[in-house]
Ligand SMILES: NC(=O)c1ccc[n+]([C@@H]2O[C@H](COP(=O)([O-])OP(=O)(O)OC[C@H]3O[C@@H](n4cnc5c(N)ncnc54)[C@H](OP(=O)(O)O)[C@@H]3O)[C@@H](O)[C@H]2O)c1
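Quick heads-up: it's one chain on its own, the form predicted on its own, in structure tokens.
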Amino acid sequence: MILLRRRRVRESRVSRQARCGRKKTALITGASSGIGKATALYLAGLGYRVIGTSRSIGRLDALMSECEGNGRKFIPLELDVNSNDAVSRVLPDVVREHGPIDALVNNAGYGLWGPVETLTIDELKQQFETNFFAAVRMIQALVPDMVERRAGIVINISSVLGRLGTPFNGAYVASKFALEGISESLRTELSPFGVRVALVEPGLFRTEFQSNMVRGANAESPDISYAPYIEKYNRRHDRFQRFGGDPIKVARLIHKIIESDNPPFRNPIGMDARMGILGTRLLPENIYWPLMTKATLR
């Protein structure tokens, strides 16, 4: 009975889209750079109507020009995803003007770097505001329409660090663990309505993520005990940077997930992501974490 019900939901979704004859609409937060920009360009190139957000509309100019030059449909949207007022005020108008959102890609986020004991509570709150609460805010604004239509997908961009912790990334790790946890609950809650939920867990990719990372105000003080370990960590991390993948690979994965009736819930991408997650599964903690410590700090 459950399988039959799911098949009927999928069939009704396909038939509704066929009757409407409209192109799918994807809304991507944090579309001005990195994975968000690559995904916006890729989906627009496939004929999607893409709505991309940024806090500053000017940051979307380059993406807008590139899309227009190739005849792609891109709609720039200035939106502060950290603001309840902005989201509740702007998104209803977007839906009225451009139609229902078929895919919500929660990509906006940044990394807060530093030893946990050096980070202020305000810094941690801001990390969660952007990486966690903004995604929830967008979900609460757009999912009710998906539930009513019995169609749609929410894709939350997590990280390999949503599955394992590394030193000096504790704030970012915690925000992504939280995003993964709420996505698990959301997946179950929305399943009776034919609305899909998926996580994308990238490893290291060539984006502006590292250059845009926020350092805690006290994170690199020479007076803290972590100073020699931070130096070693930074030196080793810099060597790994050149192995970052092309973000277009993540864009292709996101497209595959959108088009799938039953996508995998967790989608790690990048050799480092897959190997790191595999290590946590196969190796006992008393072996894995000493290896992690040695690889990053010693």
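All figures in this text were calculated on a predicted structure; none of them were measured in a lab. Quick note: we count residues from 1 along the sequence shown, nothing fancier.
Keep in mind that the form predicted together with the named molecule is not shown, yet the notes after this line are about it.
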Wondering, does Ile157 line up within 4.5 Å of the named molecule in the predicted complex on heavy atoms? yes
Can you check whether Asn82 is within 4.5 Å of the named molecule in the predicted complex, heavy atom basis? yes
Quick one: does Leu27 come within 4.5 Å of the named molecule in the predicted complex, counting heavy atoms only? no
Since only the chain is shown here, I'm wondering whether Phe132 would be in contact with the named molecule in the predicted complex (any heavy atom pair within 4.5 Å). no
The chain here is shown without the named molecule. Which stretch in 180-188, 147-155, 200-208, 224-232 comes within 4.5 angstroms of it in the predicted complex, by heavy atom distance? 200-208
For a quick check, can you give me the residues of 272-298 that have a heavy atom within 4.5 Å of the named molecule in the predicted complex? none
